[in-house]
Every structure is written in structure tokens, then in C-alpha cells.
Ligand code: GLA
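Only one chain is given next, in C-alpha cells, and it is the form predicted alone.
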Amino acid sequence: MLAQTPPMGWNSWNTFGDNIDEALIRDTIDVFVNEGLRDAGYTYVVIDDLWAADKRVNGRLTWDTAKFPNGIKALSDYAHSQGLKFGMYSCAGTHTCGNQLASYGHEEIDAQTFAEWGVDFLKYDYCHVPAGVNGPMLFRRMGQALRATGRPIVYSICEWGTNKPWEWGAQAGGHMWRTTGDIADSWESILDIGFQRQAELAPYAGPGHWNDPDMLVVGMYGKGNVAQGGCTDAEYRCHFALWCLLAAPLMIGCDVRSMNQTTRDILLNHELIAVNQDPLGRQGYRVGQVDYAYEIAETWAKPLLDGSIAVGMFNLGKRQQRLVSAPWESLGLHPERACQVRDLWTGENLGVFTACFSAHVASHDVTMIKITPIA
């Protein structure tokens, strides 16, 4: 079964947009190996839009030879030789969002082409769909075509939440589906897409089918294709912690060739990744929200297979520091239950607590803990 935990990897769009080529993808694959991203669980290297030639050849999509002189199959083979998996992009409409040829009316031959290239992941977008055509039907059509190839291909439905894909995406063959429009490298985008739009979607996620609030902007610092001023390191920590609690796919969007140490520390934190990849497959949910004159604090929780609970305590307001609490009763624990509390950023055991755990959290930052009942 594919995608039994949320897919992890990298996608070219956030930073590079149209500026993609063979050398970039090969370099990214090398960095995945050399920087420990592969060993941390980041598996898929995905080429997004603007890779294709202007015309089909014998009815098939083909690549821009100026960008990819050795072809897509050679890149796929290289990814596989390095212990990674390889992803591509197409669209349910007549053209992609970047106005290249797409898969409307060509689903079967395109799926077969991707399979022959050794593709392991397909992001399937929703631009230029003909008027009056049923969108969910188009995604079902490509899902069927992918299954018919016989190749295991993770199917990422990218229709931006337009038709509530969380309600039908799994039946369409999807393993993940976008729940919102595109993310931007800004605190406002993280607040909107992450904290505001995901809270009601937990019932629709689980092993093999995941809500997707879009790619990570961690480490972009206002550079690249979706830049909007950039975030602080604290805001990137909030972003990553929430995506881990949401059991969201973790698709890196920065230029991994130039990561600084803070970006590495966030993306490679094995205890947060373990929360995201926990085999129970529960999506986290909001368990507390306090709003004093728009100075918002939120607490989110994610039950884990071993009986512990991952908890994110977020200060979303501008106040430099505020107290954020996680009462046991909000987590389904008896207030007298003794629990070990562990800081997941530092790996430090903070002690045994009952009833509640509280922490002072800086503005736009998060305290990320694991609460483990003591037998």
C-alpha cells in the first residue's frame, strides 16, 4: 500500500518555477544523499510545471530538450540509483498552469508514459479545465489510468480544495489532495492555510490518504517563486511543527543546495519527523484557542501509536512572550494522570507533570512537546 505515512520529499516549484533543468535536479538528488535528507525520510524528488516540450511526439508528452538534454528517464534512473524516488507534474485541463500541454483527453497515454519513465509520484493540477466539465471526474479518470499502468505511483490531487477533495479524493485513487490554494513564503499565508483552514479536516486523513496544505516554505527567506517577504526562523518552526502535527506531506520547497544550519535543524529534526510519520496516521487537531485582543494562542494535539500525544503550543500573536497551556482534560487525559513531558526540539525530558503543562512561548513561535502517560 502506497503512502501509509505522509509522503516526504522536495518539489521544484516554490523556489525555482520555470528555472529548472537537469543539473538542478541531479544536484538536488546529490544533496538529499549528502545532507542526510534521504536518510531522514525525504524520499521523493519532484519536477513541477514547465518541464515539457511545446508539442507531443507520436501522441506523447515529451521534455524540453534544452532543459533536459538526456531526458526524463535518465533523471528517474539517477534518483533510483541513489535510493530515492522520482516525481513529475501534469494537469487535468488542456494546459498546465504554466500554459504547457496537459493531460485532458490523454490520461491513459500520459499515465503510461510516466510509468515508462519510472515515475513514482504524480502531482496533478487543475488549470484550464474546459467549461462544464466535472472536475472530480477528471481526477478519477487519471487515477484509473495510473492504476492501469501497474506501476505504484503516488497520486497527488492538486485542485486547491475547490470541490472538497477530502470527500472524494481517496475514491478517485488519490493518496493526497490539496486542501487550499498555493502557499506563499509569508506568516500570513501560514496562518491562513495552516491554522485557519485545516482544523476541521482531521476526519478525512489516514494511512494512504492525506490532506495536503501545500509544500513547505521553510528556509526560503523571501527568495524564489513564491516569495512574499519571507518568514523568520521562529515562523518556520511554527510552520514545520504544525505540518508535522497535521500529518501533512512534507515536501521541501527551498533550495536544499544552500540550506543554512537553522534550516537543516528544522527539516532534519527526527523527533518532529517521527510525529509526522507516526504509523497510527492520525491528523492533529486544535484543542485550545485563547484570543485576547487578537493576541492568539493555540494548542494542537496529535495522538500517537504508542499512547503518547504530540502537542504544539503556538503563540500566534505579536506579544513578545505569553504563557500557553495544555490542560490534560483537553487531551483526553485524567487530570491526576502523571505524564512525562519531552521537548521535541531539544530532545530534553522536562519532567513528570499532572493536570497541565504550560510554557512561555515567544511571538510567532512554538513549544513542541510529547506527553507520555506513565504506566
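Each residue number is its position in the shown sequence, starting from 1. Predicted model, so just to flag it, every value in this text is computed and none were measured.
Here the subject shifts to the form predicted in complex with the ligand, a form of this protein not shown in this document.
By the criterion of a heavy atom within 4.5 Å, residue 123 is counted among the residues contacting the ligand in the model of the complex.
Taking the partner from the other structure, the ligand in the model of the complex has no heavy atom within 4.5 Å of any heavy atom of residue 35.
Not displayed here, the ligand is approached by residue 182 to within 4.5 Å at the level of heavy atoms in the model of the complex. Proximity of residue 10 to the ligand in the model of the complex falls outside the 4.5 Å heavy atom cutoff.
The listed set 242, 138, 215, 111 contains one residue whose heavy atoms approach the ligand in the model of the complex to within 4.5 Å, identified as 215. In terms of contact with the ligand in the model of the complex, the residue from 88, 238, 158, 246 that brings a heavy atom within 4.5 Å is 158. Of the candidate stretches 149-157, 71-79, 92-100, 260-268, only 92-100 has residues whose heavy atoms lie within 4.5 Å of the ligand in the model of the complex.
The single residue of 161-180 lying near the ligand in the model of the complex is 178, the criterion being any heavy atom within 4.5 Å.
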